Each structure stands twice: as C-alpha cells, then as structure tokens.
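Structure 1 and structure 2, given next as structure tokens, are two forms of the same protein chain, each shown alone.
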Structure 1
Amino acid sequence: MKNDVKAFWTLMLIIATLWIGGCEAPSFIKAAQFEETDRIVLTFAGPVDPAWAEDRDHFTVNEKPDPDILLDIASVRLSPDQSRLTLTLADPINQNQPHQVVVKEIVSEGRNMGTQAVTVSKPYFGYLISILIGALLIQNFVFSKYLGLCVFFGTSQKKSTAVGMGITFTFVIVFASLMSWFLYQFVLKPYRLDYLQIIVFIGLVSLTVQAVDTVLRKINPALFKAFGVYLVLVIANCIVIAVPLILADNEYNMIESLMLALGAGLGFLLALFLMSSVRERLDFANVPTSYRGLPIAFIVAGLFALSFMGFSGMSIF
C-alpha cells in the first residue's frame, strides 16, 4: 500500500514538473536583437552549417502585428565562429514594432535541429526611455506640436515663475494622466464608453488643477499670486488633454503612461526655462518698438522650434 502511494505521488510530481516546465525542447536560438537600422542578429547555441546559412529561403521575417507581410532579406552573413548570423533586410526596420523571425530546418554539426521561431524587440527599459526622451526633446509638445502656447507665453517672462509653473504643470499632467489611464482601462473600455473619453479627461484635469490650486494657495501664497490666472488656464492647456488621448490611442500600460506624462511635463518645463532665460535678457536688449513684447517672443519661440527640429529622427535605443 505504501509503495502504491509513493508511486502515485512520484507520478504526480513528474506530471507537475512537465506541466510547469513544459516538455518542449530548449531553443537552439539563444538570442535575437536589432542591429543598426536594417539588421537582425541571431545567436545560436552552437555552430551552424555554412551551406545551410547561405540559403535565404531558410529565413522569414515579419512584423508581429502583420504576420502575412514578409520583409525582403537582402543578404545573410555568418560569423567566423559560425554561431552568429546577421540578416540584412532590404529596407530599414521599424524597431518600434516587435518582429518575428522563423528559422527553418536549422543544421548544426550535421544534425537537423528543426524549425524555430524567435521574437525580436527593443529592450523594454530602452523602450521606456525612448518614450520619455521622445516627449521631452524629439516630439516636444511646445516646439514640435505647438500646444500649450497660451500658458507658455504667459508664464515665461521670468525664470522663477517659469520654473514654478513647469514643476506645477508636471505634477498636474502626471497625476491627471495616470487617473485618465486608470479610468480608461478599467471603466471606459470595459463598458464601451470610449466616446466619452474627452469629457472624462477634461473633468479629471479640472479636478486635478483645482486640487493643486487649493494646496498652492495654502502652502505657497507668493507662488500662487505669481501664477495668477495662468494656473487656472492649465485646464485649457492642450497638452494636458493631448497626453491622455495619446495614452488611450496607443494602449500604453501604466509605466509607459507615466513615462509619456513625465516627458511631456519635463519638456514643458524645459521650454519655459529656455524661453524665460532669453526673455529676461531681451528686457535689456535694444529691441525695436514694434517688436517688443509678444512679437519678439514669437520670433524667439520660432527659433527654438527650428533648433528642436534637429532632434527629429533621433533614436537612442
């Protein structure tokens, strides 16, 4: 009887091990990564046959969301140790999308290792940093998308006001964006109320601004007076509405939403700081009468926008 019970539990342990670990053979492809703008590098567990590697028909590449559209492979190159293989594609790769590489009938040391598929994508940490840097510099909402100009020109006359406004705006946009993401993912989408997202997002922004207004009035009355009407105008700032809409459209998760909102807020802070630094010096410059005030401010903003165009197409990860 004891032997039967022992055999039963041994069998259950084996089944559980197979269930958890799986009975699938380990992959012969150990790593796959993007290289430059048009290459995918595969690293194998051992050397592969050069004659097999030279045949481009053994490889197919496609973007994972579009499995039916195969990308053209221009060349295949095998490393001297025969364990690294570089696929060069005919066109640049959209590295923002994960790609699937299918390797057919791998031959290693005379043995057929079978057909295997592997997914190639950016490192997730690099993807998060690219969202942050993109909103901060590459696609700055002020200098690239020309949003939030009312508050931008109104609070960029002095550095103290600009920095305070930038910090307050960053706090508002991060908090409002995370609340908008939560409501969109767990309320609007499940109940098919997507068409109400603009109304809901505006309401959340209004509540956030009102909360900041109340707290600032109590904690720092001087900064509150310096902001004047511009703190209330944050409600009508297009950036605060644009970020939640982008989050909903791109289906970002919470961390990605945080990176975009933080990048947008810091980008607005950077724009205010740069503009206020120039406008303080313009107060002592010999500016023609007809250009003083907002006209010269618009010209400076245009020059900053031209400068930020230099970041277009920049890719860090």
Structure 2
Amino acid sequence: MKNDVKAFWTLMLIIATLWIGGCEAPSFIKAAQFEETDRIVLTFAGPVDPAWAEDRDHFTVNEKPDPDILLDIASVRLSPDQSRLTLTLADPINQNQPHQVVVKEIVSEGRNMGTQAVTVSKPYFGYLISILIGALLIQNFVFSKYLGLCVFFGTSQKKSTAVGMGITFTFVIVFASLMSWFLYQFVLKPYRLDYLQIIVFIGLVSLTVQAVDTVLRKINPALFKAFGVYLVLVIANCIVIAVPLILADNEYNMIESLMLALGAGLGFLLALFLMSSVRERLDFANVPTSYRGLPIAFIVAGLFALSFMGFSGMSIF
C-alpha cells in the first residue's frame, strides 16, 4: 500500500516536471499562450502601463525558425486589470511552430522592467499525449498501418490469449524501443552506421525477448507460466521492429519515443481485444464453409479498419 502511494507521487512529480519543463517561465512575463487562431496572450507578473502597451512597436512576433520575418500585429489589447495583454496578428498563426515574442522596455508602475523575450508553444504535455493517442487510435499499428498481422490473426481467437499477448508485447516493445533509441542516438548516428539499423534492431529485439524470458523465469515463475508462451511470438511481430525504425526516421527524443512505443503496444492490445471479442462470437455464427477461419477474420478486420479510419484527422491538442 505504502509503495503504491509512493509510486503515485513519483508519477505526479514526473508529470509536473514535464508540465513545467514544457513552458518556459520568464521573470516578468508569467505566461504566454496561443488563443483562438490568431492571438497570443501574455500574462504579466504585475500591472503594466496602458500608455506603454498602446505602442505596437514594443512588440515583435516571429516564428522561431524564421527570426528575420516579423509577423504583422493587427492590434494590442490590455485587460482591465492591466496584467493580461492580447496580441492579435493579421494572419492566422501556425500553432505547430513555436513563436518568439519579444517585448521591449516593459513599463510597470512607473518602473522600467527591461526587454524580455518569451517563446510561445503548444503545451509539451499535450504533444506527448497526442503522440500516445496517435499511436494508439489514430495511427493504430494494426488497423491503420497494417503491421503485425500474422501474430494478430494468430492470437486473437480467445480473449484470454489476446490479452496475454497484448500485455507481453507492450512490455517488450517499450523496452526494446528505448534500448534501440539509445543505441541509435548514441552509437549508430554519431558514427554514421545508420545503414546497419536493420541488423542492429532485430538483434536488439531478440536480445530483449531472451532477457525478459530469462529474468521472468527466475523472478516470477507464475507470471512466466502465464506469459512465457507469447514471448517467442513477439519476435515474429513486425511492429516490434517497425517502431525502432520509425523512431530512428523521426528523430524523437526519449520521452516521445517512450510515448510512441507505449501507444504502439497498447494499440496492439486494444486491437487484439476487440478482434478476439468478435471472433469468440463468430464461433457460434453460421459462416459459409469457404469463409471459416481466416477469411472471415480478415473481413472483420477490414470492418475494424474502416471504422478506425474515422479517427483519422482527429487532433486532440
């Protein structure tokens, strides 16, 4: 029980760190965020001078990669309590891009607070969640990317098998992806060995599976009995090799990689669970002889894939 509480607080701490790490905390400008499609709202630590705020030349906004192109500011509005300032831009903001706002010579209660710069971007935590949900639902590896199908059809006959396979797979893929991410970022890329990625990643995956097998057998024989049989099947699943390759192609950082791997694993679990629920019922259905077994399973998977297309284009944050 005590351990649970500890784990909970640790998790909270990690989330809080991520949250704070995501947005910079400048001294006088307390917060800066996007609002609607064309506004940036700055919150100051104290009231600022309305006369100062009226002059549009005190503010410049640019997309971070393009410091030489300043965006047109259409209007500047100060809130009645003088601590919130809304910059409305002439064109809609590309919110996927971090923006740099420079505020010159801030005047607050007669004192000059100097020039300050602040970066406005979408909350990082939201971005992480969007990677997770993306891999889980929108770009589900089974129904939208069509990977891991052999194992998917092989282990989705019964709910218990499906859940066991899904859980084992999620564990292995998270470990294997993180390891391959380290190896890729700190060995393969610096030494220009990226052409070896296929051979290295597949070796790493086999190694992880072997390691989990050995460790589990020793530490928790009961758990091994329940999940050991699925370990071998994990290597035959192409998702487990696809995720490290995708990570290498997309240059994600470690936390983002973790999220993608977790999403991929949970997405596979979800797909297996949904599919096995249907297939358990199919056993009682009167299916034409030629369609029994795999053919009807493929058609069911097709229906799932069609419905998963409904998730596409969904943006959460």
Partner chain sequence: MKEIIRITIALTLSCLLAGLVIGTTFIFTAKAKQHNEHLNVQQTMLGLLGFGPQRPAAPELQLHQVHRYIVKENETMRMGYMLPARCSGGGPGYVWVELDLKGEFLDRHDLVLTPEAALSADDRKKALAGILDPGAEADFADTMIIACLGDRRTAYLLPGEFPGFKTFIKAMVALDADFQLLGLEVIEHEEDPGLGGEITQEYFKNQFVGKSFEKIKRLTVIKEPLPADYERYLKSMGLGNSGLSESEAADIRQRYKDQDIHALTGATISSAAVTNGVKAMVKKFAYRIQVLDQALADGDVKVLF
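By rigid core we mean the largest C-alpha set that fits within 1.5 Å across both forms. Numbers given to residues start at 1 and step along the sequence of structure 1. These numbers were taken from a predicted model, which means no experiment stands behind them.
Requested in this report: Pick out the form predicted alone: structure 1 or structure 2.
Outcome: Structure 1, which is the form predicted alone, differs in this respect from structure 2.
Query raised in the report: Just checking, between structures 1 and 2 are V118 and S156 in a single rigid part?
Result: No, the two residues fall in separate rigid parts.
Report task. Determine the rotation of the smaller rigid body against the larger one between structures 1 and 2 and give it in °. Result -> 26 degrees, smaller rigid part against the larger.
**Report entry** Rigid-core-superposed Cα shift at V107 between structures 1 and 2, Å
**Finding:** Displacement of the C-alpha, rigid core superposed: 12.6 Å.
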